[in-house]
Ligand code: ASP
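There is one chain below, alone, in structure tokens, taken in the form predicted alone.
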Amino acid sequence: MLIVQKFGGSSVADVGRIRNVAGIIAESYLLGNETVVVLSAQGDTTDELLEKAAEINPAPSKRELDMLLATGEQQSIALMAMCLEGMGLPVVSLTGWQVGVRTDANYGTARIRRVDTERLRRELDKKRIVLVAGFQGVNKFDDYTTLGRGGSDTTAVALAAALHADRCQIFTDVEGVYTADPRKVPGARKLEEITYDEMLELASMGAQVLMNRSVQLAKRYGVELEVLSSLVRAPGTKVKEVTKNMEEMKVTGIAKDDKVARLTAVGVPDRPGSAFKVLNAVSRAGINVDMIIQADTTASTNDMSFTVAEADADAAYKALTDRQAAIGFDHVTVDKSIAKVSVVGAGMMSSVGIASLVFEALNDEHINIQMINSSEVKISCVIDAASADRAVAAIHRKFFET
């Protein structure tokens, strides 16, 4: 059996945890499995490297930043290789370019184009454990590139797809995917299974267990994932196309995203093309827009509100104000004191009254809803950020604890 395992930064944060992970890897290998392991940088290494870079140059080039950040994962694989060598196991550590992870040329947010598996297969044929630096690849200029947030998850799924692995395990500091954040909601339950679509929605809506890019890749190539803990030996959560209780569970989970902001273009002319001009100004700045609402304010103008990632709020504001005269609106407001709470479940599309229960839970807590968005598998509400944790707990009680 060929297994790809991925361990996050918290799983390899110090010597004790490296030894713990080495034990998990050894167990898989000694059972006779071909074992490929993707590692993240230790603990807060990436943040520390970013801080060091800022001390030297507040605005470094993205190429040089990628050269720096790629070293974090290289430290992890080298240290883990030394640990496994000390246990008498055959092992080799490989960087992104040695493995053949080929990406596009977008430094900092590169996307994987292909994986050349020749080196991987050669090392596996030698019966070695192969340790791979996650989060990184190499572009057509033979420069290091990094894959952005959640890049090591994406690396693991890409390798599993390229190698046609039998299993792809994502080890974290939690025991699986829960109905809500178990650190904030004591009654949260661990899920045995979840569909790709549900996991993708939860990841997109703020759940931190898996990054949405890795889930998209797994769905595209049919890679079944298992999310489990590196600290507790227990079955995790399987992420797959179809689950056995797909229609039985109306709601699978509740997620919170408090890293969002709302921008409002006030006094947008009420004529064809105005909404396009507003959103086009933002999209041309490379910013994704999420929830959108338009409200009539006068006979001739509208207020147009939309949400973006909080990190993009200032850039979106500038993009809009630069086009203010051309579009013809009055001014732009920015609100960073909001959060998005989302309810996700594949069974929602065939169930009646889900939205009513969500709104009832928020009403019980006297929480005002500012914006609403829905699809076949989710309902999202924008509320005041200060009420977000209380909202998640109230909705969870409504669906899982009563």
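Heads up: residue numbers just count along the shown sequence, starting at 1. Here, rigid core means the biggest group of C-alpha atoms that superpose within 1.5 Å across both forms. The structure displayed is predicted, hence computed values, not measured ones.
Just so you know, the form predicted together with the named molecule exists too; it's not on screen, but the next bit is about it.
Listed stretches are 94 to 102, 266 to 274, 301 to 309, 148 to 156; the contact stretch with the named molecule in the predicted bound form is 148 to 156, by a heavy atom cutoff of 4.5 Å. When the named molecule is considered in the predicted bound form, N373 lies well away from it, no heavy atom lying within 4.5 Å. Within this chain, S28 is remote from the site of the named molecule in the predicted bound form, having no heavy atom within 4.5 Å. Of the heavy atoms in S40, some are within 4.5 Å of the named molecule in the predicted bound form. N33 falls outside the set of residues with a heavy atom inside 4.5 Å of the named molecule in the predicted bound form. Annotated contacts: D66, T109 and Y144 are all free of the named molecule in the predicted bound form [non-hydrogen atom within 4.5 angstroms].
Shown here without the named molecule, the chain has only E73 in 71 to 98 lying with a heavy atom within 4.5 Å of that partner in the predicted bound form.
I372 is not among the residues whose C-alpha shifts by 2 Å or more between the shown form and the other one once the rigid core is aligned; its shift stays under 2 Å.
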